[in-house]
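Below sits a lone chain in structure tokens, taken as the form predicted on its own.
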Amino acid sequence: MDQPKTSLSYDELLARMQQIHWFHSIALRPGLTTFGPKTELILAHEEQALLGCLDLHGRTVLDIGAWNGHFSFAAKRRGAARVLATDSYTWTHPHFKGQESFELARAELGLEIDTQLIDPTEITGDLGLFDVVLFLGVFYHLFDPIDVIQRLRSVTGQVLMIETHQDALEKTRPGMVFYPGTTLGGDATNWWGPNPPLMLSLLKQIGFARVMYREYPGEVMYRGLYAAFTPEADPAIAAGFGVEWRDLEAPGVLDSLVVAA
């Protein structure tokens, strides 16, 4: 664990932590871990699945929807030359206090990470080009995810990593399920559940050359992980993708992902 970089006492840090609604469980000091429902074990499995396959040394990383910052911190610790963490909804929400949580954790861990308050719907190529773009747990919260994926293509230099809720897994045709109101999980910000054929077709249509897929660690049926590579991507960036990842255009792969209704 990194040595604490702030002058806060144990009690002062604990008091600050208790004033914030956390989603990620992040160990800030021995005996002081933030109180997120996404546990350290769950995050470790997700991190290994999403980042363990990438050589981030010397790469630039954009983390969209960073919230408390676990994946931004993980990318920096894994050798990224620059990490830009962005968010809007959770960072400006009076209950979540996302930006406050991120800044507290960043300061305590002493990690050099850039931040920008920007909504995914506002991203343009002016943000810059990044080797790796992380888009984790955001897709299904967007009323118009197609527009945002187009925007992400303009900032993705090599690979876009997506983690999302999914649905219509019994369908072989590209499709998304729409959730009006609080249909999905009682959350009015949950809008869409795409299936793998939809994600393949969408990402290819928008200009990605290759799309790989793997089940969420632990084989949670309604979550999926995608890696979309640009035509100009360095082949070495995919060298660490193991057998868990499958090329969605390989013969029989999409058929193998169909779940009986």
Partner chain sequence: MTRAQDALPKAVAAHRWLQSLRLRPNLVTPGVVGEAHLLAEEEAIFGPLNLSGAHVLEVGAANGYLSFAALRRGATRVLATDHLAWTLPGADAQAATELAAREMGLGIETMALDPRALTAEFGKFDVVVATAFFEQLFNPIAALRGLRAVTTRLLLIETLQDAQDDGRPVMMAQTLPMPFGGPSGAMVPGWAPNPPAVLHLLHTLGFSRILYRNHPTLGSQRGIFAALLPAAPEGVLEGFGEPWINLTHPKG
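Keep in mind that what you see is a predicted model, and the values were worked out from it rather than measured. Positions refer to the first chain, counted from 1.
One more form of this protein, predicted in complex with its partner chain, exists but is not displayed; see below.
Peer 1: Quick one: does P145 come within 4.5 Å of its partner chain in the model of the complex, counting heavy atoms only?
Peer 2: Close contact exists here: in the model of the complex, P145 approaches its partner chain to within 4.5 Å, heavy atoms only.
Peer 1: Answer with yes or no whether H95 is in contact with its partner chain in the model of the complex, where contact means some heavy atom within 4.5 Å.
Peer 2: Close contact is absent here: in the model of the complex, H95 is far from its partner chain, nothing within 4.5 Å, heavy atoms only.
Peer 1: May I ask you to state whether R153 is within 4.5 Å of its partner chain in the model of the complex, using heavy atom distances?
Peer 2: Because no heavy atom of R153 falls inside 4.5 Å of its partner chain in the model of the complex, the answer is no.
Peer 1: Hey, in the model of the complex, is Q48 touching its partner chain, heavy atoms inside 4.5 Å?
Peer 2: Because no heavy atom of Q48 falls inside 4.5 Å of its partner chain in the model of the complex, the answer is no.
Peer 1: Pick the stretch from 52-60, 228-236, 34-42, 190-198 whose residues have a heavy atom within 4.5 Å of its partner chain in the model of the complex.
Peer 2: Comparing against its partner chain in the model of the complex, the contact stretch is 190-198.
Peer 1: Which of these residues, V159, L84, L109, M176, gets a heavy atom within 4.5 Å of its partner chain in the model of the complex?
Peer 2: Partner contact (heavy atom, 4.5 Å) among the options: M176.
Peer 1: Of the options G79, P180, G128, G185, which one has a non-hydrogen atom that comes within 4.5 Å of its partner chain in the model of the complex?
Peer 2: If I apply the 4.5 Å criterion carefully, the residue I get is P180.
Peer 1: Every residue in A168, K171 and I206 with a non-hydrogen atom within 4.5 Å of its partner chain in the model of the complex?
Peer 2: Yes, each of A168, K171 and I206 comes within 4.5 Å of its partner chain in the model of the complex.
Peer 1: Using a 4.5 Å cut-off on heavy atoms, which residues of 241-258 contact its partner chain in the model of the complex?
Peer 2: The stretch 241-258, when checked against its partner chain in the model of the complex, contributes no residue at the 4.5 Å heavy-atom cut-off.
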